[in-house]
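Before any questions on binding or motion, here is one chain by itself as structure tokens, the form predicted on its own.
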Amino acid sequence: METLIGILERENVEWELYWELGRGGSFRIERERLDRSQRKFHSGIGLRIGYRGRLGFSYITGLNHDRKTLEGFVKRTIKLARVSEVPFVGFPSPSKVPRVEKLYDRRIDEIPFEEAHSLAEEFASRMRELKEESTTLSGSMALAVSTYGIANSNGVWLEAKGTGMSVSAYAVKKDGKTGSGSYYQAYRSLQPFEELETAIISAIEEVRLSHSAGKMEPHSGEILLEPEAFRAVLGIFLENLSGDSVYHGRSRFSRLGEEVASEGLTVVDDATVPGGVGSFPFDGEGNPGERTVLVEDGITRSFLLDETYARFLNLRSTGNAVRDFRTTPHIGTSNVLVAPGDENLADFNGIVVRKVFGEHTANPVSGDFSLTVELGYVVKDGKVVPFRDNMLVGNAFQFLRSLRGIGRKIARKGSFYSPRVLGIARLV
């Protein structure tokens, strides 16, 4: 890296390096048998060059190269900058970055591949023990460790290391009727075997509901969304807070301080959550990871910004540039936290939607959505009647304004933390 920086500093350009070095093991289980084991390694360097107001980018795989290769890498990127039409507004200057706890677990870094393979075998074995008649189970497990860093011509030099683990289980029941259930979770630390069992049991519980579910009668009115379903609706709204959408006029919003949701809804993007799967000490441009209040009691307080769009909008970066070495930075979320409310929605009687899909078909500007219900249920007098295949229809902005209750208990789904929320929508 020092050789590459020496070559760059000889040139009359502004420059930025982003490097990664990582490895991982992934295991795929089909029909309760370990079907595929894979060990992967990756490393590379992304280089951005700012030249006379234009930005060039290229990358190279691997970290160790001879001088001739590095000279060619720099010349190629400068040449791309000279003919680029991508505007360059500058790289970040050094800032103090936070210390974010529990992003690295030495046990994941040092676990032998053979030991991880044995854990996956045990996961598959437990599936065989827990499977029910007419049900097949599949799933996956993955472990990874990565070191990443960034340096630029303004003096930024940062490096960090992180680990990750993910677990999924999927159940299908067929006996004339069909049903499906699934579970996914991600972590920063090595999990006890009980977490793998939780994945299997959760998928089986869902497949029981799904197998007995049918389509329910159309309904318009109060509907309770569990966190996974609410994430789909809130995601449509969050696209409008992305700085590039605001700058290019693709967002519903052009200024902050607008009332966009019911009082009581507070949404935060927080890269500093200890052990959060979306946490980081610095973003893909070297700006500090931070806690950003996006919506406070229904009022917009901040957009999601990287360095470029913060400068275009005369604002400050919120540290939301995400990337890998093969890509230029783009705006994304870290951990999204929906603040708990004061309603006890744990014992809610009424219509509950747990899972939906099809959010990519929604219109982020109008907010209109029509999502297929993968699993929902009606709770009445302690009796649970599941349903599925209805369409959850509504408008994300109207739904956020219609909230009648926000639960007290937070659940985490990957990097999304949310209670149950009660609002007005339609099922058709």
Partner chain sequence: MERLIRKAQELAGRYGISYYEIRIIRVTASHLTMQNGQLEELAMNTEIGIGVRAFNGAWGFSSANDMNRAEKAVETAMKIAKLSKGDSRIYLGDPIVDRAEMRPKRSFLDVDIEDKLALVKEIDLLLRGDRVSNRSVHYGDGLREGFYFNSLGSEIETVVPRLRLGFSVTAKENGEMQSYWKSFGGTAGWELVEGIDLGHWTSFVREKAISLLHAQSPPSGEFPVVMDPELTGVFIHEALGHAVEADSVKNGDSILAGRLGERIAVEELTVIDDPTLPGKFGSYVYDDEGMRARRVEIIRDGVLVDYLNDRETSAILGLEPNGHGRAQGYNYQPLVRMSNTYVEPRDWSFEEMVEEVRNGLYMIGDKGGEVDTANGTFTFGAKEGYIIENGEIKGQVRDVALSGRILDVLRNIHAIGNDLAIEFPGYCGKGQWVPVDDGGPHVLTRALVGGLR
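Keep in mind it's a predicted model, so treat the numbers as computed, not measured. Positions refer to the first chain, counted from 1.
Heads up, the form predicted in complex with the partner chain isn't pictured, but that's what we're talking about next.
Of the residues given (Arg291, Arg252, Arg354, Arg231), Arg252 alone sits with a heavy atom within 4.5 Å of the partner chain in the predicted bound form. Distance criterion of 4.5 Å from any heavy atom to the partner chain in the predicted bound form singles out Gly179 from the list Gly276, Gly284, Gly179, Gly162.
Each of Lys174, His360 and Thr372 comes within 4.5 Å of the partner chain in the predicted bound form, counting any heavy atom. Of the candidate stretches 291-299, 143-151, 314-322, 240-248, only 240-248 has residues with heavy atoms within 4.5 Å of the partner chain in the predicted bound form. In the predicted bound form, the partner chain sits within 4.5 Å of a heavy atom belonging to Met391.
In the predicted bound form, at least one heavy atom of Val365 sits within 4.5 Å of the partner chain. The closest heavy atom approach of Val428 to the partner chain in the predicted bound form falls within 4.5 Å.
At the 4.5 Å threshold, heavy atoms of Gly62 reach the partner chain in the predicted bound form.
For the stretch 185-216, the set of residues having any non-hydrogen atom within 4.5 angstroms of the partner chain in the predicted bound form comprises Ser210, Lys215, in sequence order.
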